[in-house]
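Heads up, the chain below is alone and in the form predicted alone; it's given as structure tokens.
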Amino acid sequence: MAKTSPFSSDGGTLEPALRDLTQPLIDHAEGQLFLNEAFKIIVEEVLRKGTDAEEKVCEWREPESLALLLDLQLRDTGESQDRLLQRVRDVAKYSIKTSHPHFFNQQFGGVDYHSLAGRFLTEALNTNLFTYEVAPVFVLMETEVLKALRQLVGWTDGDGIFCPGGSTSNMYAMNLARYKLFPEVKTKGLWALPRLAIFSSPGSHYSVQKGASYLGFGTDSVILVKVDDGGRMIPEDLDAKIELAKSQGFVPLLVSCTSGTTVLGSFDPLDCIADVCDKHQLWMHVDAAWGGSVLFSKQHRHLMKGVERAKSVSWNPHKMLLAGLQCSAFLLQDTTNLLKRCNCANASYLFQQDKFYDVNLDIGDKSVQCSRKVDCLKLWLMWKAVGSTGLEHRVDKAFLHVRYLLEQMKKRDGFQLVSTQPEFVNVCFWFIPPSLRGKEGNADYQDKLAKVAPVIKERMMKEGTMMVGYQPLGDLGNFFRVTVFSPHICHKDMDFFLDEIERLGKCL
């Protein structure tokens, strides 16, 4: 039987629209009309209702019910525009309103409208940030934004790249530190290396452990350093752990410090840690994904004193600054093109060396990705709109809100702080319902207290009034962690938060 060419002219079985090659398959006018109508729904349901304190944060549905309601199954035939617009409404209605003033659940939230405009524009332009020829505006823009961020760190020069999240940024640091010390790893692999050790704290982000696994170090190569009562790494123990690792045959490689731990919001003492790193000639990386934005504030940047001594820094402007997910910068002090040397594959179909412009503008080979989303525009447009001073005000106001919240907590019965003096905008606390007050000495007290936060969380989600996270930590049972940073909130939202915790938990 003769084979039929995929380019055969026999189109008898094709749909009429496919046989007619004189017209495009997609109608721009129809598509743009749909987009305009969809945009109206987004503005109403997500940006108006989704930021209104009188509206719900979420419309909770059990998974089976939600799947049926959304009719998620994909079919052979398409749907009408009216049906599709209803789909848009449904997605908006049943999604979590992360810009709501009562969304305290994560380290992102709120909306900056200039940044959002940048996100819309990014999606519409739909380009790939790897060569100057396809992304000329964004190659230059990313370079400028990274330069401005590095200057806040305290570096006059350096390198960097926007990454798909802080976890990836931390893994970049681990990979670069290894390549710097053992460049042969790129060609010969792990078999050519000694056993390497990475040092971090118990409060560091889990991406340190994941990165050690993913990059072939192994999680047993991550050595945890003791922390003080505030969750900050103890430099003396770091020094002792490094010496011990050497005696056990490890080659110490990198110290991953944290500026703003996920739960407690602790800041490691960078200057003292840098002294230890200098003594042992280790790569010092600072995971400032959460806390890095204090560098905008003259009043609070002291929390990161010594950051300029680091080799690399991770920083997520999509968190405290509201740049929008995702916006994660990996910053380097290096000026030797280490990032490109480590990651490049020199693909000749992309990075031709005989182009008509400066090929150094083709920055894609710095990345482990090929396709890379434009994440600089949202931050650049927001920064242009409010300036460094406006971003500083956001940071400073968040600290003032935390001060108010702490003052109000101390005036109420039942609120017990995990740390009486939080360093950052994380406020961790237990709510002790009336039934447990005065019973701290009972044998089952801790077990009962640990069950309080999950029940209150379930009630607030099902009523849709508020969202706040909880977790255990080490030997500590479940407690709430509220992150207070959105520029949309005010004192009445703080008061509502406390009132709601009391209302939902008073009968436990």
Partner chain sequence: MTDKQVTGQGPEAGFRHLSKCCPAVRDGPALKEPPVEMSAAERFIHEAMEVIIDEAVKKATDVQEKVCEWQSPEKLRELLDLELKDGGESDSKILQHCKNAIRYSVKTSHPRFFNQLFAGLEPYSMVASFITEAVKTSLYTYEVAPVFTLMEDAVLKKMMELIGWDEGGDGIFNPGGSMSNMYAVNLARYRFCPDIKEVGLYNAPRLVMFTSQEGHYSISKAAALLGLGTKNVYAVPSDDRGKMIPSALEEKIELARSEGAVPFFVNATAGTTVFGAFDPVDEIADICERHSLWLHVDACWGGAALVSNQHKHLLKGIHRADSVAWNPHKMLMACLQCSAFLIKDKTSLLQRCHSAKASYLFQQDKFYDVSYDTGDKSVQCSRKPDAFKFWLMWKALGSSELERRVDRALAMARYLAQTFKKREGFHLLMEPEYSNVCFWYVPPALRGLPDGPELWRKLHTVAPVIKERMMKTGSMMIGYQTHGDKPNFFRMVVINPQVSKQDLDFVLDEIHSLGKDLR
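Here the structure is a predicted model, which is why all the values come from computation and not from measurement. Residue numbers count along the first chain shown, from 1.
Although it is not shown, the form predicted in complex with its partner chain is what the next lines describe.
Stretch-level contact analysis of 235 to 243, 359 to 367, 427 to 435, 287 to 295 against its partner chain in the predicted complex, using heavy atoms and a 4.5 Å limit, identifies 359 to 367. With the partner removed from view, the residue among Leu417, Leu181, Leu224, Val263 that has a non-hydrogen atom within 4.5 Å of its partner chain in the predicted complex turns out to be Val263. Taking the partner from the other structure, its partner chain in the predicted complex has a heavy atom within 4.5 Å of a heavy atom of Glu123. Looking at Lys305, you'd find every heavy atom of it more than 4.5 angstroms from its partner chain in the predicted complex. Interface residue remark: Gln471 is counted as part of the site for its partner chain in the predicted complex, having a heavy atom within 4.5 Å. Its partner chain is not shown here, but in the predicted complex it comes within 4.5 Å of a heavy atom of Glu64.
Site residues Leu72, Lys186 and Gly387 are all in contact with its partner chain in the predicted complex, judged by any heavy atom within 4.5 Å. Along 374 to 402, residues Trp380, Leu381, Trp383, Lys384, Ala385, Val386, Gly387, Ser388, Thr389, Gly390, His393, Arg394, Lys397, Leu400, His401 each place a heavy atom within 4.5 Å of its partner chain in the predicted complex.
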